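Single chain ahead, by itself, as structure tokens, in the form predicted on its own.
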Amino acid sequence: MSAAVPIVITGLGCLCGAGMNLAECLESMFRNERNPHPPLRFSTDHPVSYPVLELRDEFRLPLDDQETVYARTSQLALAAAFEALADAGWDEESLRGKRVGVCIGTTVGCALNCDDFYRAYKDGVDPEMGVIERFLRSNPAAVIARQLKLDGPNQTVVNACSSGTDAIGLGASWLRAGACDIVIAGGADELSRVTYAGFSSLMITDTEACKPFDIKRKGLNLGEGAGMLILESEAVRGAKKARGYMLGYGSACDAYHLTAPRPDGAGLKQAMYEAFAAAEVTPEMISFVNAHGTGTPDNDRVESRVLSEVLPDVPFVSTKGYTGHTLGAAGGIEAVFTVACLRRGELPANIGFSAADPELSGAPVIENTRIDGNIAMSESLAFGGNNAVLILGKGDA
């Protein structure tokens, strides 16, 4: 399959701080609502309580009480995958005999986050090994493949905050290489005391609701969730309607700093142009951008500069104001939102934005905004200097 042949997106699934499924997420975002609050699932002795965007409700998987076997990140991945598969008209039985790959991005989900285990070990107690066994069973991509009895390619991508975007790009390459017929691709991550404390120590979290691209932005809010896409070859898709198309993917590393983006944005621009070339589109064809938009001073400055240089006057928005920064899940969630907004023909307001920063070269949409066009871009900027970009197309009418 040619690199320029579009990959069909037949199903979308998402849960995060904005809603427990994609429909709920869209409803709350277009009502311009969010609910950041101090973390409820864990506590710290940090003198400042930073707001986060946790799931609005608890969820239960149809696994006959097996959810206790898996870590929360894998549970989130399964929940979004089940929604996306149902949206695409697939179930475990209908997938029999199909070559189905699974490619999931994560960051928190790759770490053994069990403070009680560590504390017991440090105190000289011989801790129970159940948590270790649970961790070893909880590779997100392997969990989905195991639950659905899939035997296609299987990969968990751990590349900081671009993990979900990279996973979708890699999954699409499997289809183009003929390695499988269907791919479940996206990202998943849970809120964790370890990451909460880590980002607090970096001093890039806001004490209030985050304000991407605003002059008073002070940092990010952490979030949790998962976003999944069902990618299919045209042969398998048949007469099934497309939710959207995965047109192109690009990735490039700044090799500049452990956490900060390169000031001139050279790596992000390289990833953009690589994605344009893969999709065989030009910048003039992009109708909007779902920006990384963390609300940190450096990220928003660099991203705004690149967008103004490469895509001047193209509307952009950061949906992290509604979801928080979900780390390895962000690229998956934002790809889902990008396809959904293309289908809807509308962008939600960039929540939290009230005043432009004269140092930034552009400003996001400040109200729900109608959009024209069939092609959009979703981008991720990660620690370590990695930049990843997806070019996504509008689905069938």
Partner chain sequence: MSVKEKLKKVLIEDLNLEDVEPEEIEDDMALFGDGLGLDSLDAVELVVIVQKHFGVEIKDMEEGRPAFQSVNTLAQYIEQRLA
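None of the values given here were measured: they were computed from a predicted structure. Numbering follows the first chain given and starts at 1.
The same protein also exists as the form predicted together with the partner chain; that form is not shown, yet it is the one meant from here on.
Every residue of M203, K218 and A260 near the partner chain in the model of the complex, heavy atom within 4.5 Å: Judged in the model of the complex, M203, K218 and A260 all sit within 4.5 Å of the partner chain.
Residue contact check: P47 to the partner chain in the model of the complex, 4.5 Å heavy atom: P47 belongs to the contact set for the partner chain.
Which of 69-77, 223-231, 305-313, 195-203 lines the interface with the partner chain in the model of the complex (heavy atom within 4.5 Å): Single hit among the candidates: 195-203.
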